[in-house]
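Below sits a lone chain in structure tokens, taken as the form predicted alone.
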């Protein structure tokens, strides 16, 4: 039987991608019980099957109770994505059998989700539609190896993840390239982390991405066909998201050329991503909604959201990453510096607090960023902690920048000053005085240091007199040594040039 390619030619193709994103919420307890939540930092290293209880394991006689904080986190995400927040939503049972699903069903939301239609504008300006964002519980996790990577005779199940609050965000099929999907995934991760709803560590599965991919193929007779939609499951890296989409774009066209199969009822399938072979692998034909036999959960009341509740949540909304990006760019920061700040919400909060304690100019923002990313981070890395754990406040750091801007201390004194500030309530100026690094503006003292530097370095002085101005650095260094770091380097250079009658 001849392939379709023998009679038809593809003249153009358009990639169509929608995205489902599963966000594990970092509440202290699980979605429908007080058992500790594996997605909270306190429980990251929990031993297998240790953060479970009778509700998680679906033991007889247990009943679920809704986690209010998980609902509020979900609403915050919905607000940030400009979603319509439902005044009434309900819980449904999604029925299917799998070894890591103890109840034989998953508590989810079907026809009345918490967050309805919304949108998100990419940094490029393109707007991506949001169809819904519904709240549910996560499943457990199957493994096929013993600790240490040894082979197991069967599958192993860990129920620690079961019951974790899981927000599923579903986009419209508005993406036309893998680049757009990855950009959205990165921006959504930034957004969720700045909202404080997830730690967003992809390697731990805090966010899992499932692109739905197909192609619109225009044929040589002007007709258009669409390949069957493929859902690629459980991708937990941006590299995997990009690779899976780009692979499917090639594979689906080749498959259509061979089979001529197009989108229709029952045509959707799910595939996994092989990170070694860099290809997708068929898992199963995709179920339709009716296959899950959804029905309202009889053990849970609905969620009623009023104006007062929404107002309280709006008051909790922090600055969005896109707003911060624009603000940081206005300070003159490089893209590398901006990316580093957006990748770590704690750094960004610290910087903004320091900026608020300064005079608030763009110049202050630039100087504070350099102090944070260079001097403060170096000190923190050396001590094996974060900047907020060093023992001085962001306001104290702003005081260090103020001392530098007024030439009250030299650049060479900043590291020592920061280290001495750790664990003390003193102001930066008080610490600088204690260390003896506050620069002296005393003409007679400066003259004495300059004379000592010239006397002690006759060759350098002769070179400067002869027009070899590069030698001035050796003399300035000598002045700084004579003064114990208290001289102002710019003043020292000017006085040396004047004393040696050299013209810069």
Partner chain sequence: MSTDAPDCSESLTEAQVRHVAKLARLAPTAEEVARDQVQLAAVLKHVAKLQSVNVSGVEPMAQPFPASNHLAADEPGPCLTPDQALANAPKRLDDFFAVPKVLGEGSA
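Numbering follows the first chain given and starts at 1. Because the structure is predicted, anything quoted here is derived from the model rather than measured. If you superpose the two forms and keep the largest set of C-alpha atoms that fall within 1.5 Å, you have the rigid core.
Same protein, other form: the form predicted together with the partner chain, not shown, and the subject of what follows.
Using a 4.5 angstroms threshold between heavy atoms, residue 293 counts as touching the partner chain in the model of the complex. The partner chain in the model of the complex comes within 4.5 Å of a heavy atom belonging to residue 29.
Of the heavy atoms in residue 342, none are within 4.5 Å of the partner chain in the model of the complex. For residue 251, no non-hydrogen atom is located within 4.5 Å of the partner chain in the model of the complex, even though that partner is not displayed. Put simply, of 441, 474, 68, 465 only one has a heavy atom within 4.5 Å of the partner chain in the model of the complex, and it is 68. Site annotation in the model of the complex: the residue of 147, 423, 125, 264 reaching within 4.5 Å of the partner chain with a heavy atom is 147.
In the model of the complex, no residue of the candidate spot (129, 196 and 322) has a heavy atom lying within 4.5 Å of the partner chain.
Heavy atoms within 4.5 Å of the partner chain in the model of the complex are found in exactly one of 431-439, 447-455, 466-474, 51-59, that being 51-59.
Residues are counted as partner-facing when one of their heavy atoms sits within 4.5 Å of the partner chain in the model of the complex; in 146-176 these are 146, 147, 152, 153, 154, 155, 156, 157, 158, 159, in sequence order. Superposition of the core reveals a Cα shift of 2 Å or more for residue 150 between the shown form and the other one.
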